[in-house]
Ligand SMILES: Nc1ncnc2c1ncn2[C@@H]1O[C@H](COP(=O)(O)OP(=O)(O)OP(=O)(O)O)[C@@H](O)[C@H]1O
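Just the one chain here, laid out as structure tokens, in the form predicted alone.
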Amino acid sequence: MNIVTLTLNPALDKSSGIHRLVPEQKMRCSEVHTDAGGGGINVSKGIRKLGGNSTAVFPSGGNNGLVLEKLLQDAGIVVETLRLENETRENFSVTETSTNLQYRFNMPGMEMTTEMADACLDMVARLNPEYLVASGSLPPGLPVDYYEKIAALAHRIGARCIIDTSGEPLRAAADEGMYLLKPNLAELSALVGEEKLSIDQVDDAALEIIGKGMCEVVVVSLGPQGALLVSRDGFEHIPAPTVPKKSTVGAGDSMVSGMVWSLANGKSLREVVQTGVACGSAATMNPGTELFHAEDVFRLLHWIQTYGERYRIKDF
């Protein structure tokens, strides 16, 4: 299957650790670990870790952009980039090892015009994907409804579109419609115009947005409780295994990568979400900005498929 990921606000993700954070003092951190980051880029990395292939499309600026490209190419990921003069942003996270608390600092990104973003969409159209994953925040300069334009492109070229973002960009994309939507509880509440949803309202809310044509499949992320799969055929809770948590960075992107990889391999929707939950859970087991290890994913997937029934929430 031809999978393309689109990341309009890529980043170099840098992570380090320190025993304790103390204000106004010089602190000695551990060695810095650098990863290629940004929503769609993380999805491409996850697909590659599972043995699949995708093409990562993104704007690449300055020296940071070149470093980001090389990191992906060294990992065996095909890249298509729009070269820009401005510098690709850097994000960084610091883990306080004495408490295991993580502090994440995300920069806004380089300014982009609609014409620049449209050039990235032209690349996507030329690649003619069967699955298009657009993920992450929008960079400064783009209108909040730009994801709606991405969803419209997917319709035009016949691609199954999966968009993973939040706030107004998510609502705009949902208004256009897509194949799969992965909101958390707060995002689902906003999509149906509710301040807060109780757990027994989640399935009805998800069916409501499917009925409005916003998507065909909803996968509601429930954090450590797993996810709820909702389609016109019904709904099912997929539990998450309990794992030692070191970092939540990239867990959502990991979940998307597992789902897209499974879809491209013809798995059932139940298996798709089971794999996504396994990938998201496995990602939290690693420190800093690292994603998951494939061996952890398949071990956790076995647990979900063998023992998960005992831990399902049935009172939806």
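In this text, residue numbers run from 1 along the sequence as written. Keep in mind the model is a prediction, meaning the values are calculated, not measured.
One more form of this protein should be noted, the form predicted together with the named molecule, which is absent from this view; the next part is about it.
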property	result
Contact residue in the predicted bound form, from 210, 172, 222, 157 (heavy atom within 4.5 Å of the named molecule)	222
The unique member of 30, 34, 64, 284 whose heavy atoms fall within 4.5 Å of the named molecule in the predicted bound form	284
4.5 Å heavy atom contact, residue 182 to the named molecule in the predicted bound form	yes
Heavy atom of residue 240 within 4.5 Å of the named molecule in the predicted bound form	yes
4.5 angstroms heavy atom contact with the named molecule in the predicted bound form for residue 251	yes
Non-hydrogen atom contact residue 258 with the named molecule in the predicted bound form at 4.5 angstroms	no
Residue stretch of 49-57, 260-268, 64-72, 243-251 approaching the named molecule in the predicted bound form, non-hydrogen atom distance within 4.5 Å	243-251
Whether 40, 43 and 136 all lie within 4.5 angstroms of the named molecule in the predicted bound form by heavy atom	no
